[in-house]
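Listed next as structure tokens is one chain, alone, in the form predicted on its own.
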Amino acid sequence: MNIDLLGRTALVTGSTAGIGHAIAKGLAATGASVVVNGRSQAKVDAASGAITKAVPGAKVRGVAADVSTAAGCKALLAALPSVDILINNAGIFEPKGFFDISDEDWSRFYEVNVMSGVRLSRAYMPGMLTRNWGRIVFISSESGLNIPKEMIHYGMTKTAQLAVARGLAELTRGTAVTVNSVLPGPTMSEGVETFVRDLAKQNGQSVEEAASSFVKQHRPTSLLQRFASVQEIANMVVYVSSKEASATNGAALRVEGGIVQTIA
């Protein structure tokens, strides 16, 4: 399958590293004009440069804005009034016992993981509907279905993303606009790699041993039996952003290695 997004503009929030960066790189390789986003101008510039170097002829620009705030979203919209593809990837996670999660933590996770996508979808989706073409993708998680006891606040936000995405998809009826969610499982992004390194240090293990132990202990139903790579997640996102995915709408697409055991 030859995915061609030439002439389309794609915004990937939180794309200076990890899954978001891999998605931005993948979209750039299809010919899309990609907008890299992060909070730091230095990181945005570095990420944009890395994609340009990796993808010959890539059309990439960067916009530094904190999409976890209303002001940050407003600044992003001022710099980029219209997009064809919106990837709501910005997000945070943090293992923390339920009884230690403060009100401030609950609010912070909701603002970053949920409201960033709500605000940007509210701003960009009307234009997509008017032009009768668009793609919105929420990067959720298998944790939205299997709420992890070690970070309930994170799982809550990932479930909320599924609800928002499905509700927005209902607004696209009869159009060529689609809204979907992608659900990664444990993925070896930069942030997760740091988490795994910390686990290895705490338990006197190698990074490889800590990663394997984490999957076996915390995701025992995994069929993949390993962490996925960021490229494996990006592949699904690039596909669902394409014209070839025109009949995929309102879906929660799993890229979690078979952790979730239910059929539907």
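Every value quoted in this text rests on a predicted model; they were computed, and no experiment measured them. When you see a residue number, it is the position in the sequence shown, counting from 1.
Absent from the display: the form predicted together with a small molecule. The rest refers to it.
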{"item": "Contact stretch among 200 to 208, 33 to 41, 235 to 243, 49 to 57 - heavy atom within 4.5 Å of the small molecule in the predicted complex", "value": "33 to 41"}
{"item": "Contacting member of E104, E170, E150, E190, with respect to the small molecule in the predicted complex [4.5 Å, heavy atom]", "value": "E190"}
{"item": "M128, V164, L120, A90 - the one with a heavy atom within 4.5 Å of the small molecule in the predicted complex", "value": "A90"}
{"item": "Partner contact for I19 in the predicted complex: the small molecule, 4.5 angstroms, heavy atom", "value": "yes"}
{"item": "Contact of R135 with the small molecule in the predicted complex (heavy atom, 4.5 Å)", "value": "no"}
{"item": "Contact label in the predicted complex: P184 to the small molecule, heavy atom within 4.5 Å", "value": "yes"}
{"item": "is_contact(D45, the small molecule) in the predicted complex, heavy atom dist at most 4.5 Å", "value": "no"}
